[in-house]
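To begin, one chain is listed below as structure tokens, in the form predicted on its own.
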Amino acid sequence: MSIPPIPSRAEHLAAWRESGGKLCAAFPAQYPKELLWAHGILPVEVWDPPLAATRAPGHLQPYICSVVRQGLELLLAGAGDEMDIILFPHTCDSMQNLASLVGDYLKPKATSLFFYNPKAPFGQPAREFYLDRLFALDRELAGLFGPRPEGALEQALAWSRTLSGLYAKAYDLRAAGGLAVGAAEFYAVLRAGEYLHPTAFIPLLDAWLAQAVGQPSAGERIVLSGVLPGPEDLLESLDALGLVVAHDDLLSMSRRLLYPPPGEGEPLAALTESFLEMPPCSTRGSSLAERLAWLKSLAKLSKARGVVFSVVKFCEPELFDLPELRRGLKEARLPSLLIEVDVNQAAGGQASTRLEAFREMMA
């Protein structure tokens, strides 16, 4: 099936700005987008801007991951000047260092804000800390743009609950073999949520799901793990080789999208509970046992017979966990394959050849 028309990032941002809305460049990975929506701010996520890395390498060590490198390249190209704020969640050491580099030395026109996520274990101290950070961010936004309108946060949580239900439906259908789309289309549609406002994304996602239901192509079912669903040629190779992505454990996707929807209680407390219940993740300090159990549960749920790790080069949180995860999967008789990638660089023919060999091994 054909992908429904998706407004381009440039078109959507221009229309949002023209309507009087504010813009936020949101760096990876977890942040309370509902709070931004409530203040009339559109978060535009910065994962893999399609730019040639010409200036950023001069400011970074050569072993910094390409997500950080490309994000800095985008700011050096002046994209930050179009924003009202730049938000840096404290996701990993490299992202924290980028936040300092930008805030202390680059000094873009947009205000730099920092959001500190607690790390596991997620007990009462983490709950209180996260709630305190939400209140602090709310105050910072109010200081910059004025208080949020009455009822705006409740509306934002309602959008979040609707999106959570649509994400869950998409993943459940795919895991059950009920989506007639390949990996390239699945992720092209879901990634539009990285910049579309929910009032535009919810109807798009709803309409696509209604058309996407059907019998998928036959093939060996796998779980895709890593940071991002890409590069694009890697997804195309998976589709062409008959490797069916039945579920994923991607930082930018299921680890953020399959969150329990915020409840109906006090909004910031509801957001806190939702954050604490997100799936295990290397950037949240989750234990290896939790991550391994989660991966095995995804494979069992989706009847996947193997796991492909598509890991961004030099991504320390992911690479630290990898040896033990692969060992545990092997003990569970789930073969795995590691492919290291750079964002915005083709995985290439060698990756395709290795995927083909992996498929034959599982057959």
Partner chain sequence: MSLSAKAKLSFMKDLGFPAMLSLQKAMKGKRGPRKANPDFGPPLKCAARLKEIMMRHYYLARFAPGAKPVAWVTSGAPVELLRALDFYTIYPENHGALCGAQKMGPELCQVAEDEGYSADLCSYARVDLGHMLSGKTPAGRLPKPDLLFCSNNICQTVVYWYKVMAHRYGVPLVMFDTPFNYGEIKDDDIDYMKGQIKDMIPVLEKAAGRSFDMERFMAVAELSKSTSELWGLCLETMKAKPAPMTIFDAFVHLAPVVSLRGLPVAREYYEILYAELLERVRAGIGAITNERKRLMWDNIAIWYKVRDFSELFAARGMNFVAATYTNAWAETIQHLDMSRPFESLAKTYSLVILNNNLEHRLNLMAKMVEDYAVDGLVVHSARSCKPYSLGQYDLKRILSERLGIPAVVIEADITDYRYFSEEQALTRLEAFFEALEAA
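Numbering follows the first chain given and starts at 1. Computed from a predicted structure; not experimentally measured.
What comes next is about the form predicted together with its partner chain, which is not displayed.
Proximity to its partner chain in the model of the complex, defined as a heavy atom within 4.5 Å, singles out one entry of 178, 263, 285, 165, which is 285. Note on contacts: among 51, 319, 301, 332, the single residue with a heavy atom within 4.5 Å of its partner chain in the model of the complex is 319. Contact with its partner chain in the model of the complex, defined as any heavy atom within 4.5 Å, is confined among 213-221, 145-153, 122-130, 181-189 to 122-130. In the model of the complex, no residue of the candidate spot (158, 174 and 241) has a heavy atom lying within 4.5 Å of its partner chain.
Mapping the unseen interface onto this chain, residue 256 falls outside it, with no heavy atom inside 4.5 Å of its partner chain in the model of the complex. When its partner chain is considered in the model of the complex, residue 104 lines it closely, a heavy atom lying within 4.5 Å. Taking the partner from the other structure, its partner chain in the model of the complex has a heavy atom within 4.5 Å of a heavy atom of residue 60. Contact annotation: residue 267 falls outside 4.5 Å of its partner chain in the model of the complex, judged by heavy atom distances.
Applying a 4.5 Å heavy atom cutoff to its partner chain in the model of the complex picks out 92, 93, 94, 96, 97, 98, 99, 100, 101, 103, 104, 105, 106 from 92-106, in order along the sequence.
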